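Before any questions on how it binds or moves, here is one chain, the form predicted on its own, in structure tokens.
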């Protein structure tokens, strides 16, 4: 019997890596990571703000300057830009999320390339990504920073975000079915 067959038949491999974890386990782990993030960085967990830094660093790498842009001219934001990619805790968390997601899908043997069924799917994905990115920036956070971190820090804005997230998901799913399916 090959090693891969042995591993895949192991009951612990199946429990830890193959089967979906219960929602309560995910909730507890997310809460613990939020506490650790807040304790070590002094800021709640966020994702999309860091992506704005990545865009700024890339723009500066290509010869541009963002120091006069309103978002990047504030004291704390400007310091983060000067300190660089490797000194930014948000960048390390985002890289960890990407690497962890890739590791998880690989260890569960779930990685595969799918054939594009139609160009409508590509258009829907691009439009959805652009709208989500734009919405995350005007809401001053994504579903992690504005919703999850907002609610966990007892902010009213997190609950307002939750209501509009739900409404947006309802409208978006109706539009998706009507125009792209």
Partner chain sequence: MKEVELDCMGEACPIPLVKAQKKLETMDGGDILLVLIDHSCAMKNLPEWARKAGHNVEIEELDDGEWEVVIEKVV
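Numbering follows the first chain given and starts at 1. Note that this is a predicted model, so its numbers are computed, not measured. Basically, rigid core = biggest C-alpha set you can superpose within 1.5 Å across the two forms.
Keep in mind that the form predicted in complex with its partner chain is missing from the display, and what follows is about it.
- Heavy atoms of residue 109 reach within 4.5 Å of its partner chain in the predicted complex, making it an interface residue.
- Although the partner is absent here, residue 21 sits close enough that one of its heavy atoms falls within 4.5 Å of its partner chain in the predicted complex.
- Contacts between 148 to 181 and its partner chain, taken as any heavy atom within 4.5 Å in the predicted complex, involve 176, 177, 180, 181.
- Core-superposed comparison between the shown form and the other one: CA of residue 131 displaced by less than 2 Å.
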